[in-house]
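Take a look at this single chain in C-alpha cells; it is the form predicted on its own.
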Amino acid sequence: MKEKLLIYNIGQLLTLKSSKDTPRKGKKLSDLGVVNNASVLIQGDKIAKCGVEREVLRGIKRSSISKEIDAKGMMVSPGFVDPHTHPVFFGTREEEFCMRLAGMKYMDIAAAGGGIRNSARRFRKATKSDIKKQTRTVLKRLLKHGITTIEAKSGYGLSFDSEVKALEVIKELNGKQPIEMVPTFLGAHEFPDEYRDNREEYIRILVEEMIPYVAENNLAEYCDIFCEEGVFDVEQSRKILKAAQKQGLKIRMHADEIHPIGGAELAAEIKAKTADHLVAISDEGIRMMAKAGVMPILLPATSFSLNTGKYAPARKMIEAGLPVCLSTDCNPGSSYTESASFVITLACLHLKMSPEEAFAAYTINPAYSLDRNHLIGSIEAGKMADLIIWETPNYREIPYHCSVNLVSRVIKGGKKVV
C-alpha cells in the first residue's frame, strides 16, 4: 500500500489546471486555477486528490493518512519547470563579469577567447568526478528555489569526448538527486579553439560523429544550437539541426539573442520545439513561430546580467498567441543564477508580464515544451506530486518581494526534498 501524504490548511492553491490539453496562450496565460482553503492528497509519488479541503477530505479516514503537513494558510504551487539550463560546467567566469563592468561586450570577450571557449578549456581539463560534484551543487541550489524539473544542456566540452562526458554526467545524476533533468545535446554551442579557422570540419564532426553517437546511445532527447552572428549562421544551423532531426532528436534553438539574423524564422521552418532568448526577434519571426507552433523561451536574467538594457518583446509574443515560457538560463557566463523567483520579478518588470502570466510561463507551459505536460506543470489528480509550499499566502508577493527566496518546502515525487 502506497503511503498517503496530506497537505492541508492551504490558503491559496495554484492548480494551473485547464480543461484543454494545450499550452497557455493569450488570456488563458493568466488563469492559474486558484483554489482557496485547499488541500492536496498525495499517494506514493502522484497526486490523488486536490481542491477545496472539505471536498478532498470527504470520505477519507484521517487514520489512513501516513503523514500530514500543515501549510498554515500559505500558498502551494506546482514545482517550477525550468526549460533552458546549462548546469554541467566546471569553474566560473566572474572575471568576465568584471570585464563587462569595465565596458567590454559579451561577444567581444568571446571573440578574444573568453566566453564559452573559456569554459570549454576548463571543462576538458576537469575529471568527471569534479564536474559531478559542481553539478550537484548547482542542482541543489535550483531545488532550493523550487525548481523540480530542468532541461539540461551539454555544450561546454566542444569535442566528442567532452560532450559525451557532459551528457553522461546528466544521465548518471538523474535519479541520484531529486531534480529530473531532460538532456539536450549542445555541441554546437560555439566553435572550439582548434577549429576556429576550419569551421566546416567541426560541423562535419557534429553531423557525422557526435550527433549519431548521441542519438544511438540515447544520451539526449533534444539537440540545440547557438544560432547567432559570429557563431553558427542560419545555413550552418539548418544543416546541423536537420541532421539531428534525421537521427530522431527533437530541436531547441538559441535564436536571435543579439542580432536578428533569422534564427526564429529557421525555428519555424524546421518546426523546432522551442526558440530561446529572442531579444532581437523580428515581427516576421514572431508571426512564423506562432503559425508553426514553436514555443518561445524567454531569459530575462541573461539580459539583466549582460546589462544590455534590451529584453525580449514578450507582450508582442503573447498578443500574437505564442505560449511563452520563462527560464533562468543558469550558466557560468551570462546568467549565473538559480533563482526562479528572481526571473519572475524580472519578467514582470522588464518583459511587462503579469504575475499570473509569469507563473504559468514557469510551470505548465515549460512542461509542454519538454513533452512532460502529462506528468508535471500543474496540480491535478494523476500527475507527479511536485509541489512548492511557500512562506507567503499570496502569489503576487513572489515578484514583489524581490531577491528573497520565499520557498518553505519542496515536494518532489511525493517526498519532501527541501
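This is a predicted model, so every value here is computed, not measured. Residue positions are given as counts along the sequence shown, with the first one as 1.
From this point on, the text means the form predicted together with a small molecule, which you will not see here.
- Heavy atoms within 4.5 Å of the small molecule in the predicted bound form are found in exactly one of 207 to 215, 243 to 251, 331 to 339, 278 to 286, that being 331 to 339.
- Shown here without its partner, the chain carries 132, 163 and 184, none of which come within 4.5 Å of the small molecule in the predicted bound form through any heavy atom.
- Taking the partner from the other structure, the small molecule in the predicted bound form has a heavy atom within 4.5 Å of a heavy atom of residue 156.
- When contacts are judged by a 4.5 Å heavy atom cut-off, residue 149 does not count as touching the small molecule in the predicted bound form.
- Using a 4.5 Å cutoff between non-hydrogen atoms, residue 202 does not count as a contact of the small molecule in the predicted bound form.
- Proximity of residue 302 to the small molecule in the predicted bound form: non-hydrogen atoms within 4.5 Å are present.
- 106 is the sole member of 311, 90, 106, 195 with a non-hydrogen atom lying within 4.5 angstroms of the small molecule in the predicted bound form.
- A single residue from the set 116, 75, 272, 220 has any heavy atom within 4.5 angstroms of the small molecule in the predicted bound form; that residue is 116.
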